[in-house]
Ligand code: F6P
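First, one chain by itself in structure tokens, the form predicted alone.
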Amino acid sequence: MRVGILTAGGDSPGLNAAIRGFGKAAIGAYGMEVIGFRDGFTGLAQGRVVDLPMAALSGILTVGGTILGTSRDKLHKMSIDAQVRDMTAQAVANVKANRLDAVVILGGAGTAKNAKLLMDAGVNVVMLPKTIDNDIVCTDTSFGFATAMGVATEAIDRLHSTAHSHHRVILAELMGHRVGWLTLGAGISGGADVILIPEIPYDVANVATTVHSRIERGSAFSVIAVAEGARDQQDSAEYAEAQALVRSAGSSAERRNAKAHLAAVESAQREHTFKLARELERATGLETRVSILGYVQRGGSPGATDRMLATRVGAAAAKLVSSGVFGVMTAVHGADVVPVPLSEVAGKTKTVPINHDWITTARMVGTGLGD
């Protein structure tokens, strides 16, 4: 068999480990020939390929990023020569031109929709779950998440010493536009005093109360873990209303206007962490600072957990391709890696349930959640 592989969406720790896991199993265990497409779906649409023999897979297990490059381009609306075009048919043509029996796609929730689009166009597809956000449905976890949570936890650990020394409130803004898994996990692991996530709209007064309670107990400092998509109750209501307008829009013009309004709301709320810092400083009397981790969370060498996970789902994908099982994602269910239909994954997001054990744990140990 001859198989293509590509990485799409944002970079994540473990992408190279997964390429290696798939490639070594595909070549060594099943005798396949493997090629890679450069820069995600862009390379697939443009036919930019690179051979991936066994030698090309050596030494990449520990390397961050992706040797294939990546992009966030979408097949059905790709910018080509300053025009937006549907490149699905061209991508299918390139699959056929390269005599591929299947295409293996490494990506997150957004990538799943493109993978399904390719599948619906007649291409044999297997997807591997990759994201630091842990927001892919039908899988317990995804490679990249554990490493990012470790990096964020270490950052919160380090911020404690500065907050304690200067009697400050420090807000650590972590990645997570729509879900709070990363902030919640790192916040609990790093002992944050308050954790604010998109799933639980916060009240500034309640956050200030938590800080005041700590001051009364003799702790004149606080560290607050804030997801970049967290919002106070008023902003959350405005954002939900804008999202509802997009969902209910009928005509193309209505959808464009609704999406433009949503983008404007998101833009206006983008500096929410700094706004929260100013409000807390006034409410508590403590000097308040913001530390934004940004891309540090996504970069660097994957940890042992993600190296293991990426290798497992990569090898499992090779077995699925060899067995002729397509249109699926390699999902982690407990100790097993199992195929789940892409139709059950695409277009869906795994948010943090309000009754999740992590939420319960945070409350039990006295961590404020702002509600």
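Worth saying up front: this structure is predicted, and the values here are computed from it rather than measured. Residue numbers here begin at 1 and follow the sequence given.
Separately, the form predicted in complex with this ligand exists; it is not shown, and the next lines address it.
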(request) Could you tell me which stretch in 83-91, 131-139, 97-105, 114-122 has residues with non-hydrogen atoms within 4.5 Å of this ligand in the predicted bound form? (result) 131-139
(message) If the cut-off is 4.5 angstroms on heavy atoms, which of these, 77, 177, 247, 256, is the one near this ligand in the predicted bound form?
(response) 177
(request) Select from the listed residues 157, 281, 228, 238 the one whose heavy atoms reach within 4.5 Å of this ligand in the predicted bound form. (result) 228
(request) Indicate whether this ligand has at least one heavy atom within 4.5 Å of a heavy atom of residue 272 in the predicted bound form. (result) no
(message) When the contact criterion is heavy atoms within 4.5 Å, does residue 72 count as touching this ligand in the predicted bound form?
(response) yes
(message) Against this ligand in the predicted bound form, would residue 214 count as a contact residue? Criterion: heavy atoms within 4.5 Å.
(response) no
(request) Pull the contact list for 301-319: residues with a heavy atom within 4.5 Å of this ligand in the predicted bound form, in sequence order. (result) none
